[in-house]
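Given as structure tokens, the chain that follows is alone and in the form predicted on its own.
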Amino acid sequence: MIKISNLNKKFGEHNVLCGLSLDINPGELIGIIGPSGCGKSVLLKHIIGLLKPDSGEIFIDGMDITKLKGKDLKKIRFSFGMVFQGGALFDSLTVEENVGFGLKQHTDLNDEEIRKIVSEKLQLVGLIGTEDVRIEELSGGMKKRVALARAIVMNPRIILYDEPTTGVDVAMIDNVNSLIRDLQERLKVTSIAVTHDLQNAYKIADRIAVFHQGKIACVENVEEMKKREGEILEKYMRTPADCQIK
């Protein structure tokens, strides 16, 4: 589904991606773990085409998106849903206006059709009847659910999660993780979730990839990763500086 090959990206003197390669299978959720600030979000921005690598390739269904521009790149982006780290919701708008924003901007659907689709997606994330509530009135956990509904409103084939439990109360983190896993099982999409928390990755991922010094150091299924947890934390997760290539 997604093949990342020898990806390199440098900002000034800082090497963020250093020959990174990773294969992601259709229908799986792969977690990418690494310390905060080491470049995991930069990788997501490359996958969705917001950044161009200095070198390397990213294949989506066999097509190298690093070579695409304009309408061709825009078309590929419609395959993606994105859950941003801080939610990126419009506080002054209602739940329906937030979730339906992409439909309003990029389709010819009328208001009634949009409301129907929005209601269906809100039901999937457990927010039935919240269409007319303003975002500023919601709790952190409910805002995260709205962000999830917005990510799936256009029926993407690929969902990207950038630190999906950021901004959620500790008591609600397991609820968010359960919702992500439930959506994965229901929608059968291909998903990538970046996180600095290995315990969260265990709860949502099929496989876990370790981001270290601009590369993927290892990829394991959850059970194998648990067996290696001590080694992984010691070698790869101690400080953000571990990710900086001198």
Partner chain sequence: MPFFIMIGDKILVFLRHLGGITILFFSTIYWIFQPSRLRENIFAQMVFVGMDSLLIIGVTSLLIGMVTAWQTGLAIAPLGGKTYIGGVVAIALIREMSPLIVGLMCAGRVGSSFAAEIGSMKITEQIDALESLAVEPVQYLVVPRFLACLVMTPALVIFANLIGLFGGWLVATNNLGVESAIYINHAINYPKLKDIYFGLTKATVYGMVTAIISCYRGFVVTGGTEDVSRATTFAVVFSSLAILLADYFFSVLFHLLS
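Residue numbers count along the first chain shown, from 1. Quick caveat, the model's predicted, so the values are computed rather than measured.
The following text describes the form predicted in complex with its partner chain, which does not appear among the structures shown.
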| property | result |
| --- | --- |
| Contact assignment for its partner chain in the predicted bound form, among 89, 159, 122, 168, heavy atom within 4.5 Å | 89 |
| Heavy atom within 4.5 Å of its partner chain in the predicted bound form - the one residue of 196, 215, 207, 45 that qualifies | 45 |
| Option from 136-144, 122-130, 98-106, 168-176 whose residues, in the predicted bound form, bring a heavy atom within 4.5 Å of its partner chain | 98-106 |
| Any non-hydrogen atom of residue 50 within 4.5 angstroms of its partner chain in the predicted bound form | yes |
| Residue 85 within 4.5 Å of its partner chain in the predicted bound form, heavy atoms | yes |
| Non-hydrogen atom contact residue 77 with its partner chain in the predicted bound form at 4.5 angstroms | yes |
